[in-house]
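First structure 1, then structure 2: two forms of the same chain, each alone, as structure tokens.
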Structure 1
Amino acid sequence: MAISFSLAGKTALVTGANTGIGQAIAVGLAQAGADVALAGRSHPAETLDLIAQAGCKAVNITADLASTAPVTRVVDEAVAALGRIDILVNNAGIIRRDDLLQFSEADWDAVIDTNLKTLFFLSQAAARGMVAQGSGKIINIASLLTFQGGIRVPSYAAAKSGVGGVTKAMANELAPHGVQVNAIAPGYIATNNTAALQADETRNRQILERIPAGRWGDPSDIAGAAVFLASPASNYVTGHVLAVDGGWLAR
């Protein structure tokens, strides 16, 4: 059988795509042929433009994903606009940094709710349609902190470790229905999320010294992995966390 990386005729829902990794993934999926619905709290004007330039349909769904309240509406609006959801990318996420001994309950809850709880319940809502149609791809954005503990980011490490676990849990139950669930663990990517680290001269140098590729990743570095995991080429890949990290975990 011919291997296909094409997403022509497919539809995708991507969260947090106004900037950074989510934007690069949404545009990458469109360049591979998918129509894309974007769900987030900020208007993704540039991403909508870039998808249109790729010749695909783009729609925006305004939703604050800090709680699970909008997940059913987001899925319903995406299906209403695009007909169905073939691909869900759970990208929206936040990070809170503070010393362990004073880390607050508010910073714990905010990160766990956005990065883990909403990810699961949005996946559940989208998976109902995917199971009914007998196919689907769910791609969760994990982190190196799915594997490591990090420094001053305990709720982020907990949430992203949870993303690794729930990716496998969903993969196991959805595989019999033709739905694959995988995650991408980006390395150190130059985005708003890592602006504080890039600006800290010492941390920036320490990070660069440890990356075999010798550079920060660009959001576009993540798009190829997302297209692969969204495409028929990955139909027998499920429950996997794919690191895209310039070699960080190999050291």
Structure 2
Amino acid sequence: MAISFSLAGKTALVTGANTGIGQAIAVGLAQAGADVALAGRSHPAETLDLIAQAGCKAVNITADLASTAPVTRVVDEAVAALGRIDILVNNAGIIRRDDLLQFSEADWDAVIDTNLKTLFFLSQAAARGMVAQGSGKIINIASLLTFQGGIRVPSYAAAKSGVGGVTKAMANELAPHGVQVNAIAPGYIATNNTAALQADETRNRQILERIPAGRWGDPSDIAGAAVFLASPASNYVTGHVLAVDGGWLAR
């Protein structure tokens, strides 16, 4: 049987695709042939244009995923625009930093709600349609902090650890219905969010010394993993958290 990485005829819903990793994933899915709906607070004009350039349909759905309130509407609008949802990528997320002894309940709740609670309930809403059609792919964006504790980011570490756990829980229940659920744990990726770290000579050197590959990751590195997990080539892969980190965790 021929191995296929093609997404021709497939549809995807990607959250938080305005820039960076989310944008790269959305464009990568389109380049593999998928029509893509984008959900987030900001209008992703550049991403929409890049998807159109790839020859695929691009749809914007404005939604603040800081709560579960828009979840049903987002799924309904994506289905109305694209016909169905074959692929869901839960990329939207936030981070709050503070010392452990001063970390506020508001910062805790904001991160857990966006990064874990909304992720689960959006997956649940999309999975109903996937189960009905007998196929689907859910890809959650985890983190190196799915495996490590980090410093000054307790709610983010808790949320991303939870993403790893809920990925496996969803995979167990959805596998009999032809739906695969996996996660990607990006390493240090060169995006706007990490610009300050890259510009800090000392921290940049320390990071590169720890990465066996000797370089920062590019958002396209994550897009490649997402295309694999969204494609028929990964039909027997489920419940897995794939680290795309240049070897960071192996060090």
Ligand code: NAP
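Bear in mind that the values here come from a model prediction, so they are computed numbers and not experimental data. Residues are numbered by position in structure 1's sequence, first residue being 1. By rigid core we mean the largest C-alpha set that fits within 1.5 Å across both forms.
Matching each structure to its source, the form predicted together with this ligand turns out to be structure 1. Superposed on the core, the two forms differ at R203: its CA moves 2 Å or more between the two structures.
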